[in-house]
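Just the one chain here, the form predicted on its own, laid out as structure tokens.
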Amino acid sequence: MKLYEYLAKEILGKSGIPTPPGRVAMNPDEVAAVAAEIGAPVAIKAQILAGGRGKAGGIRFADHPEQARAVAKEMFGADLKGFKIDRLLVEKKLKIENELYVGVAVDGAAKLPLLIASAQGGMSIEEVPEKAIVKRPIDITWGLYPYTAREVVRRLGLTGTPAKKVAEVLVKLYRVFRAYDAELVEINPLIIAAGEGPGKEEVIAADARLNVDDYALFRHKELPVIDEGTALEKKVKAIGLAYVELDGDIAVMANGAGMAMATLDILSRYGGRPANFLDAGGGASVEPTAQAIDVLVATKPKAILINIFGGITRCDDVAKAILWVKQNRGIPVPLVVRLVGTNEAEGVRLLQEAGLNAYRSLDEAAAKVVAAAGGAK
């Protein structure tokens, strides 16, 4: 379960990690009141369960309370990355000298917590060159010792007061990771701000993320239960299917989580940009499959790829679902279908009679749909 930034910061603050002055607001008047209370200028940050808010316009600034109110009026109710903004975090705007990335995540392969740090903060860690990232596995029996944290900080090139304070943050961050059964806890950016003089630098968590293991939530009754899906994700979940929105333009449906992930990978290899992850599952009947295809059409992609490897799922049922949507709703964008497996011949026949092709090779299908969407990006 993902926590909103303001909730993650409350936990970090209670653990001794400095955070900016501020609090969450639920309407424009509260935003103005918080701005007046903490003093402008302020940062006004949309509280959604998605990254990349800054680039998408989800973080704005104001120089006085009335400007903060005006900005809040524009932000409340707006759609941001598929989420409706219903709360804003108002914080003191910080003067930044340096930005770091620090985090602790579960390393599934090593079955250990992994400390991750970089002197190139302020961007997604996936975008940082590998040579600029320091990684240190943590023995869960012994935890993160201060000397290990100091070693990591030394490798980041920090010295003096900032080095000491960042090392302290790393130790506290790991304690949060363990105390809350986290899958991930990160601060990006962890900023170094100028203090009142040499040796007075401050280290502050300017942003925070905390994902708690769903299976450990029974141990954390103090945490609110947060449904992190977008409106569309919740709609598809109600059908009984797994769906995640992405930022591409080719809608994708596959049967099985592994098949869906493989489809996204192959699309990317051919230069395509998937618009979603949709696992239709095994054995889905005509009606829910048709509902899933209907959802894909409604997202208005440039093209649609349906990839079915029929085991329990019958290819003829998938074909019938496609034809039902085509006849009753319409499919106004190019549709590429890959059908292999149970009742494959019947499924292919039904599609061909309706003027649709079905491919056996996923590579061929991926190449076709990328071309139909306008070519490699």
Partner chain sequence: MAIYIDEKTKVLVQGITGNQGAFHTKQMLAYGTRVVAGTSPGKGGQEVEGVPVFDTAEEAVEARGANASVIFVPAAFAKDTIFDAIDNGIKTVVAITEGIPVHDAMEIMAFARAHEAVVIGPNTFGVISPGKCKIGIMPNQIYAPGKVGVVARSGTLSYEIAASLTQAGLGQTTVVGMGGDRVVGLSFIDVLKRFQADPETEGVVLIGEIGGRAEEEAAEYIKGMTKPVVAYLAGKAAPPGKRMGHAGAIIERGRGTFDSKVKALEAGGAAVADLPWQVPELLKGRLASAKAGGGETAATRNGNGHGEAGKKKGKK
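Residue numbers count along the first chain shown, from 1. Each form is matched to the other, and the largest set of C-alpha atoms that superpose within 1.5 Å is called the rigid core. Worth saying up front: this structure is predicted, and the values here are computed from it rather than measured.
The same protein also exists as the form predicted together with the partner chain; that form is not shown, yet it is the one meant from here on.
Asker: Indicate whether the partner chain has at least one heavy atom within 4.5 Å of a heavy atom of V128 in the predicted bound form.
Answerer: No - in the predicted bound form, heavy atoms of V128 and the partner chain never come within 4.5 Å of each other.
Asker: Are any of the heavy atoms in I226 no more than 4.5 Å from a heavy atom of the partner chain in the predicted bound form?
Answerer: It does not: once the partner chain is placed as it appears in the predicted bound form, I226 has no heavy atom within 4.5 Å of it.
Asker: Verify the contact flag for K165: yes if a non-hydrogen atom of it lies within 4.5 Å of a non-hydrogen atom of the partner chain in the predicted bound form, no if not.
Answerer: Judged by the heavy-atom cut-off of 4.5 Å, K165 is well away from the partner chain in the predicted bound form.
Asker: So in the predicted bound form, does T299 come within 4.5 Å of the partner chain, heavy atom to heavy atom?
Answerer: Because no heavy atom of T299 falls inside 4.5 Å of the partner chain in the predicted bound form, the answer is no.
Asker: Of the options A25, L12, L362, A358, which one has a non-hydrogen atom that comes within 4.5 Å of the partner chain in the predicted bound form?
Answerer: The residue in contact is L362.
Asker: Name the single residue among R155, K172, K93, K234 that comes within 4.5 Å of the partner chain in the predicted bound form, judging by heavy atoms.
Answerer: By the 4.5 Å criterion, the partner-contacting residue is R155.
Asker: Please identify, from 334 to 342, 57 to 65, 347 to 355, 38 to 46, the stretch that has a heavy atom within 4.5 Å of the partner chain in the predicted bound form.
Answerer: Checking each option against the 4.5 Å cut-off leaves 334 to 342.
Asker: Using a 4.5 Å cut-off on heavy atoms, what residues in 157 to 194 are near the partner chain in the predicted bound form?
Answerer: The stretch 157 to 194, when checked against the partner chain in the predicted bound form, contributes F177, R178, D181, A182, E183 at the 4.5 Å heavy-atom cut-off.
Asker: Taking 2 Å as the cut-off, check whether the CA of P65 shifts that much or more between the shown form and the other one after a rigid core fit.
Answerer: Where the cores coincide, P65 shows only a C-alpha shift between the shown form and the other one that is less than 2 Å.
Asker: Just checking, between the shown form and the other one and with the core aligned, does L362 shift 2 Å or more at the CA?
Answerer: The answer is yes; the displacement is at least 2 Å.
Asker: After fitting the rigid core, is the C-alpha of N276 off by 2 Å or more between the shown form and the other one?
Answerer: Moves: yes, 2 Å or greater.
Asker: Between D79 and L267, does the Cα distance in the predicted bound form come out closer or farther than in this form, changing by 3 Å or more?
Answerer: Between the C-alphas of L267 and D79, the gap widens in the predicted bound form (3 Å or more compared with this form).
Asker: Would one find the Cα atoms of D213 and A242 closer or farther in the predicted bound form than in this form, where their distance changes by 3 Å or more?
Answerer: Those two alpha carbons end up closer in the predicted bound form.
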